[in-house]
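In structure tokens, the next block holds one chain alone, the form predicted alone.
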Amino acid sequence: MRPDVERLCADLDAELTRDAPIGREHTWFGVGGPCDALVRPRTEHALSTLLRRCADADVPVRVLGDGANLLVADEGVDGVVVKLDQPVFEACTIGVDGRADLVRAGGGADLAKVMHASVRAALDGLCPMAGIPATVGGALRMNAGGRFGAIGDVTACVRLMRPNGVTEELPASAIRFDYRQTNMPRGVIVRADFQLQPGDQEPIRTRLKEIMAYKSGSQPMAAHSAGCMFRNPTLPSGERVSAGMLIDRSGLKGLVEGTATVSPEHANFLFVPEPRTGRATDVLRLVERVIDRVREAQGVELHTEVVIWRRGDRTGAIQ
């Protein structure tokens, strides 16, 4: 049964879109179905009230960030999807509480914009986020990063709104930042503070350019994909190995399943060349084929890093 979204959003300072085509219009894959309701709260109070009402009605709530680490199934996803793209959730402030090295950014703020603002202020620490498309909240939830560092390395504090609508401040010491995951409680990341390192702008800008050049030269940045599809697995020996290397060694570069393809440039990137006619089902089938082939050829089990939303499955829901 679909939720009574009019009742859930009644009197809220929020924008409501029913049957919003989030898969095709709000993810980097550019494929997949709609959500029952896309809600854009304009205030923290509206967000809090919405979460509380959804919790009382047992309606699943998911948060849509930049859509760069997300695949929506062709049948879409049930419940309410929240998008924090209003000014109160996108603000970025350089220098907080009288501290020049502290940057505060809303959970819906574009990570790249926050990074560039910090570089202009001659603050180092967010340059490793170069080339990672994400909102601040999405990046924090999965501890986004790469070979140059992770966002958890410079996080000072997170303001989290729990499923009951109550907010709390979590210092970084209360959060375990692991490889592409955290132990952060369920809820919506409203904002975060980052403690950066003051320095000279030119060396910081040079480092940013070097990181971007490396990524542009090794990854299909313009493809309709969600970045790395699989997490780098850990072997029984404790060594973490590259999922892309394992897929490449299994001879799977360029493998095609319907409208989906394994990138011939970077084997851990799966993409849809023609998203308008593409299908999320093909991506999911390709994922299974890659997992099976790598298991057979390399004896290693791969697990997806990309979040998959399906109707009737509460994966990715905060409640």
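All residue numbers are counted from 1 along the displayed sequence. Quick caveat, the model's predicted, so the values are computed rather than measured.
Same protein, other form: the form predicted together with a small molecule, not shown, and the subject of what follows.
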Exercise. Of these, 169-177, 198-206, 114-122, 128-136, which stretch puts a heavy atom within 4.5 angstroms of the small molecule in the predicted bound form?
Worked result: 128-136
Problem set entry | Candidate spot Gly107, Ser225 and Val307, all three touching the small molecule in the predicted bound form (heavy atom, 4.5 Å) | yes
Exercise. Would Gly65 show up as a contact with the small molecule in the predicted bound form if we use heavy atoms at 4.5 Å?
Worked result: yes
Exercise. At the 4.5 Å heavy atom threshold, is Val188 in contact with the small molecule in the predicted bound form?
Worked result: yes
For this session: Using a 4.5 Å heavy atom cut-off, state whether Met142 contacts the small molecule in the predicted bound form.
Result: yes
For this session: Look up in the predicted bound form whether Phe269 has a non-hydrogen atom within 4.5 angstroms of the small molecule, and give yes or no.
Result: yes
Exercise. Pick from Ala243, Val103, Val154, Leu84: which has a non-hydrogen atom within 4.5 Å of the small molecule in the predicted bound form?
Worked result: Leu84
Problem set entry | One residue of Leu70, Cys54, Val39, Val294 in contact with the small molecule, assessed in the predicted bound form (non-hydrogen atom, 4.5 angstroms) | Leu70
